[in-house]
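To begin, one chain is listed below as structure tokens, in the form predicted on its own.
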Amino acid sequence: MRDRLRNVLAGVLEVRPEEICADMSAEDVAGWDSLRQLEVMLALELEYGVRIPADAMLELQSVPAIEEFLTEHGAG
């Protein structure tokens, strides 16, 4: 799942996949603002076929949090 997630995040955040590390958060990426957060969530919904509730979207601002959410929702 990590490589797939890395590719999704890299595509939305416009960085190389190698720049996405396991403990990265929105604070670590200059372009990961509120608009990009929404784009990340929409890309994740499309890629993994899950629905991310609005309240969860606000909390999923790090690679570990996103991985945990996806695993809990069977998207791994």
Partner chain sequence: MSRLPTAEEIAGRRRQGLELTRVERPEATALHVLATFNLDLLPPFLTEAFDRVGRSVRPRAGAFGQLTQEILDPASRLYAEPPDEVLIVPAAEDLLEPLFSRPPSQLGPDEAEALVEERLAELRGLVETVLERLPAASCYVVALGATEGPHPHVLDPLAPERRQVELDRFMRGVRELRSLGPRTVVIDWDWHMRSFGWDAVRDERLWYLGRMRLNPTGCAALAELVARHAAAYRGQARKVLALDLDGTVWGGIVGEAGLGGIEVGEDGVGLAFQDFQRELVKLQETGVLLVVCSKNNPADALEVFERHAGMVLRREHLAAERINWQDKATNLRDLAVELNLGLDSFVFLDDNPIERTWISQACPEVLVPELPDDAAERPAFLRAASWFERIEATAADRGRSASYREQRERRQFERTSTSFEDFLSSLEQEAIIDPVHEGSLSRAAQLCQRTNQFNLTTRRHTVAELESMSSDPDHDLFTLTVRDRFGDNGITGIAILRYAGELAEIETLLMSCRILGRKLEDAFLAFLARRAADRGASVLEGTFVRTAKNAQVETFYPDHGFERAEDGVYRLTLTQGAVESPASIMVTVPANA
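Quick caveat: nothing in here was measured; it's all calculated off a predicted structure. Residue numbers count along the first chain shown, from 1.
Form predicted together with the partner chain: not shown, discussed below.
With a 4.5 Å cutoff on heavy atoms, L42 counts as touching the partner chain in the predicted bound form.
By the criterion of a heavy atom within 4.5 Å, A54 is counted among the residues contacting the partner chain in the predicted bound form. Proximity of V12 to the partner chain in the predicted bound form: non-hydrogen atoms within 4.5 Å are present. Using a 4.5 angstroms limit between non-hydrogen atoms, L35 touches the partner chain in the predicted bound form.
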